[in-house]
Every structure is written in C-alpha cells, then in structure tokens.
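Just one chain is shown here, as structure tokens, and it is the form predicted alone.
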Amino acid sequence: MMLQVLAFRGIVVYRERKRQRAKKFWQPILLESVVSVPLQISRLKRSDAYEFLTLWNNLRESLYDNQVEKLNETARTAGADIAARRFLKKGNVRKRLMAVRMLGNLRDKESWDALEELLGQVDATLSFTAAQALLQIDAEKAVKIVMPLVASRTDWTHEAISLMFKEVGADVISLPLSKAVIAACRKNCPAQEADTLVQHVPPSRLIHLMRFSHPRFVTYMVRYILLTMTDLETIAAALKVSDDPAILPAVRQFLSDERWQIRVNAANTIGRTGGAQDEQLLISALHDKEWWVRYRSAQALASLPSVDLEKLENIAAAQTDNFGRDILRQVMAERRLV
C-alpha cells in the first residue's frame, strides 16, 4: 500500500510539474495574442495539448467576441484545432469536453459532423456541451438539430438550457421554439408536422423557455394553448409566461376554472397585465374557497395601475366576507413593510 501511495503521489507531482511547465510557456503567448499575433509561434506538443486548451478556453471565454480574432489565429497556428479534433476521437471524457469547448469557441466548421455525433452521447454534460458548440458555429443550422433534444433530454438541466438560449438570442430561437411547443401540444400530430420532435413530451418543459423569445411569438403560443389545451400543467405554464394584455379576454375566463392551480396563475397574469376593468373580477376572486387564489387575487388587485393603497383600504372596508377583508388587510400590511 505504501508503494501504491508513493507511486500515485509521484504521478500527481509529475503531472503538476508538466502542467506548470506548459502554463509557463504558453500563458504569456496567449496573453500577448489578445493584442497582436506573436511573430513566432511554436507547434503545440501533444504532451501540452490539454493544458493549452484549458488556458485558451479560459482566456477566450473571458473576452468579448470582437477581441478574439488574434487569439483564434494563434490557436490555429499552433495546431490547437488539430489537437482538439484528435481529442474528440481518442480522448477521455475530460479531454473531449475541453476539445468541444475549444472547437465551439473557434467556430470550427470542420468539426461539425464530429460534434453532431456527440449529441447522442449518454453523458449529459458531453452531449449538452456539443449542442452549445454547434450553436456557436452556426446557430440557425444547429437550432433545428438541438431543439428536439431540448424537449426530449430531461438530463439537460433547465438552467443550462435557459443560459444557452439567452446567449443564442431571440432572433434564432423564437420560431423553432414556438414550433416545438405547438408540436408538443399536438400529441397525436403526424411525424412530418412535428419537426421530428419526440412525441408526448410535456409541453411545459418548453413553454418556460419561451421567455427568451420575441414577445409576438409568446403571444401566439399562449393564445393557442389557452384556446385549445385542457392539461393543467400546460395551461399553468402558458399563463406564467403571458405578458400581453391582448390575451386578457382568454385569461379572465380561467379565473372561474374548476382547478385552483389555474385560477392562481390566472390571477397572477391579470395582476401583471390587467387594468381598471379587471378590478371587479379580482374582487370577486377574493371570496374563492382556496386561500392561495384569494391571496394571489389580492396581490393582483394591489398591482393594478388603477389601485393605490387608499383605494385598497376602501375595497377592504366594503367587504362583507371575512375571507376577502382579511386577505386584503394581509396584502396591505405587506405593502407597507416594503
């Protein structure tokens, strides 16, 4: 056991010395490349490849896109793109991840097919990183491939997908994401109408991502769902992303839905987008049998532009029902504390 411990320690020390040696050699060159391409750039040794990719990726991701042209040129001159493509084929997961990051940051079109193959990997981190790289290389082309996986791969976290879509931008994702939502809602639609989307995927997983789309696409999607769907989770998700007053006529109807979860979300939506004409509707909801509906309706009422604290006090005083009066007083107390 002592020999094994000493051998392991020796390996760790050797790798750390090799890492520091590569860092000492390449870090000044990469830092110089931010300003200008060095006159002489050595070809990258295989033994230094992983450390170079690590240093390069970390520096590249700390810069804006308009600052990386010279850094990219240095990487290609050193042969880092060749090393990265080699890692894709023969490297372990750690090296492949670093290679995928570099090829995406380099916008390396030659690696497209290899990166696309990685989308089917069981390893969620590797497949998701490959999706990010493809979107960096050609967002409009990649989004058609990646969008079905966003719907079907539950091992891709919602937070990571949200960040990815935010970086890609609304211009790219709005239409494909809207189509994916509609296709997911049509559980029995023909395969050719579903854009190869995996069938029977819960639409709510995609609906929450619509906040990164252009508002007109969100409006179209929400209106479609409120008029055609009956699933609780889907309707609730659509109400959560709805911010267009034009949809209010459909939203108001859900304040009388038999499912209290939908009534809660309808009240929230009216609070965000409603006006003076919604006051009486929300006052009526103060008498709902569910506490959460009464509470969210009171908050929504207080959020309307036409209602100030004095008016809220008058409404509370006019209530003959203890439930409505008490919940309004609670919301007024919360407002005073803010």
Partner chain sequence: MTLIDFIVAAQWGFLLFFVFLNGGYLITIFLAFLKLPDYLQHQVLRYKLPRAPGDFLPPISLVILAYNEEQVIVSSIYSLLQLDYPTFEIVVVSDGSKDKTLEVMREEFRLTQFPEAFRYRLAHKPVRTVYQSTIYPKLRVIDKENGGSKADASNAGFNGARFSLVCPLDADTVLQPDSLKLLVQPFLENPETIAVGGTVRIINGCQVQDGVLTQKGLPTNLLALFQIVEYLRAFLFARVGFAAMNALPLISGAFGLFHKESVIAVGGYKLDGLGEDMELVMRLHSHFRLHGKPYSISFVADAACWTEVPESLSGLGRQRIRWQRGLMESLMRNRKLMFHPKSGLLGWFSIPFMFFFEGIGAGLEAVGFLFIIASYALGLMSLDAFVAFIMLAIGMGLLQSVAAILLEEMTFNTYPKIRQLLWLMFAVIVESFGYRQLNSLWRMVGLFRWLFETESIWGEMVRTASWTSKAVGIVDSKRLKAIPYSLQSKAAGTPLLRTKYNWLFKTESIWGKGGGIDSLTVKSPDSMTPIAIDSEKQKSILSSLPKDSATGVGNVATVLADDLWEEAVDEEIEHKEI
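Positions refer to the first chain, counted from 1. Here the rigid core means the biggest group of C-alpha atoms that line up within 1.5 Å when the two forms are laid on top of each other. Since the structure is predicted, the reported quantities are computational estimates derived from the model, not experimental observations.
There is another form of the same protein, the form predicted together with the partner chain; it is not shown, and what comes next is about it.
For Lys18, no non-hydrogen atom is located within 4.5 Å of the partner chain in the model of the complex, even though that partner is not displayed. Although the partner is absent here, Val146 lies well away from the partner chain in the model of the complex, with no heavy atom inside 4.5 Å. The partner chain in the model of the complex is approached by Asn57, whose closest heavy atom lies within 4.5 angstroms of it.
By the criterion of a heavy atom within 4.5 Å, Pro28 is counted among the residues contacting the partner chain in the model of the complex.
Of the residues given (Leu309, Leu63, Ala276, Val37), Leu63 alone sits with a heavy atom within 4.5 Å of the partner chain in the model of the complex. Distance criterion of 4.5 Å from any heavy atom to the partner chain in the model of the complex singles out Arg211 from the list Lys109, Arg259, Arg76, Arg211.
Checking 240-248, 171-179, 224-232, 89-97 against the partner chain in the model of the complex, the stretch whose residues place heavy atoms within 4.5 Å of it is 89-97. Scanning 1-31 for heavy atoms within 4.5 Å of the partner chain in the model of the complex gives Met1, Met2, Gln4, Val5, Leu6, Phe8, Arg9, Val12, Arg19, Gln27, Pro28, Leu31 in sequence order. Relative to the superposed core, Tyr295 undergoes a Cα shift of 2 Å or more between this form and the one not shown.
Put the two forms on the same core and the Cα of Tyr14 is off by less than 2 Å between this form and the one not shown. Comparing the forms between this form and the one not shown, the C-alpha position of Ala49 differs by less than 2 angstroms, with the core used for superposition.
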